[in-house]
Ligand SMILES: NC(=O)c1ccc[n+]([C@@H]2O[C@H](COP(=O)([O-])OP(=O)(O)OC[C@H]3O[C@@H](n4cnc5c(N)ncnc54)[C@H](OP(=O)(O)O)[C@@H]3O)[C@@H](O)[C@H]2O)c1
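Quick heads-up: it's one chain on its own, the form predicted alone, in structure tokens.
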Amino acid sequence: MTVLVTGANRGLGSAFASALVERGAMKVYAAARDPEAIRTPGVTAVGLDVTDHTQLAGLAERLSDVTMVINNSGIHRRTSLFDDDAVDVVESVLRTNLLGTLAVSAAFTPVIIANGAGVIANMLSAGSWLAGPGNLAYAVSKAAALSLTNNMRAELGPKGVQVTAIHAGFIDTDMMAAFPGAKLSPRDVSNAALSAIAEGAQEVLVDEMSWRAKTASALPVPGFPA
């Protein structure tokens, strides 16, 4: 198994890369905009901006042995519908969280299939189903990325590619540094996800928040107060 992990310079991406090395992956490519920032032992650091399509095409040509991609790159910017820059902020977050995931997947799908099929795992969120103040851009991007994942699965499943959506609540990363509540360990999330993927899971709900969010999403939308 040769794996590409995006956003692997810190937090959850670094935890995924480390866990893959520990599990005996043949090779782990740890990708980040600044490959010098990657410190995980046992990985091959590569430079990648998931929004740069020219760079991505060249990387897919170079990394011709990849059989698994973990789309972990993601950003969070607080915004509200009432903010003057709401459209610009949502657009910027979609560029990484949605279009970056699509671009990486599109670039490496032919590589994975040429190598006898494999796995694409998209790091999503309980936020795929949740909405809240200030969370407009992130929630929209993860909901869209969930739809993308479902469509990828429909297209790639018949070609032998497992497409897995990974959902988790608050994780102890730089993105959630300001959140004062309980947070999941990146190592626990990465290990839980990788174990489920190895068993063939195409949806991983890592914690109770994810289970509750998905369950609540199926409930009827309440009527508007009279």
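For clarity, every value in this text was computed on a predicted model and none was experimentally measured. For every residue, the number given is its place in the sequence shown, counted from 1.
Not pictured, yet referred to below: the form predicted together with the named molecule.
Student: Can you tell me if Arg10 lies within 4.5 angstroms of the named molecule in the predicted bound form, counting non-hydrogen atoms only?
Tutor: Answer yes; at least one heavy atom of Arg10 falls within 4.5 Å of the named molecule in the predicted bound form.
Student: Indicate whether the named molecule has at least one heavy atom within 4.5 Å of a heavy atom of Met175 in the predicted bound form.
Tutor: Although the named molecule is absent here, Met175 would touch it in the predicted bound form, with heavy atoms inside 4.5 Å.
Student: Answer for Ser105 alone: is it within 4.5 Å of the named molecule in the predicted bound form, judged on heavy atom distances?
Tutor: Answer no; every heavy atom of Ser105 is more than 4.5 Å from the named molecule in the predicted bound form.
Student: Mark Val66 yes when one of its heavy atoms lies within 4.5 Å of a heavy atom of the named molecule in the predicted bound form, and no otherwise.
Tutor: Contact check for Val66: no, nothing within 4.5 Å of the named molecule in the predicted bound form.
Student: Which one of Ala114, Ala154, Val87, Ile75 is close to the named molecule in the predicted bound form, taking close to mean a heavy atom within 4.5 Å?
Tutor: Selected residue: Ile75.
Student: What is the one choice in Ser185, Thr44, Thr51, Ser195 with a heavy atom within 4.5 Å of the named molecule in the predicted bound form?
Tutor: For this set of options, the contacting one is Thr51.
Student: Using a 4.5 Å heavy atom cut-off, which of 120 to 128, 144 to 152, 78 to 86, 105 to 113 contacts the named molecule in the predicted bound form?
Tutor: Going through the listed ranges, the match is 120 to 128.
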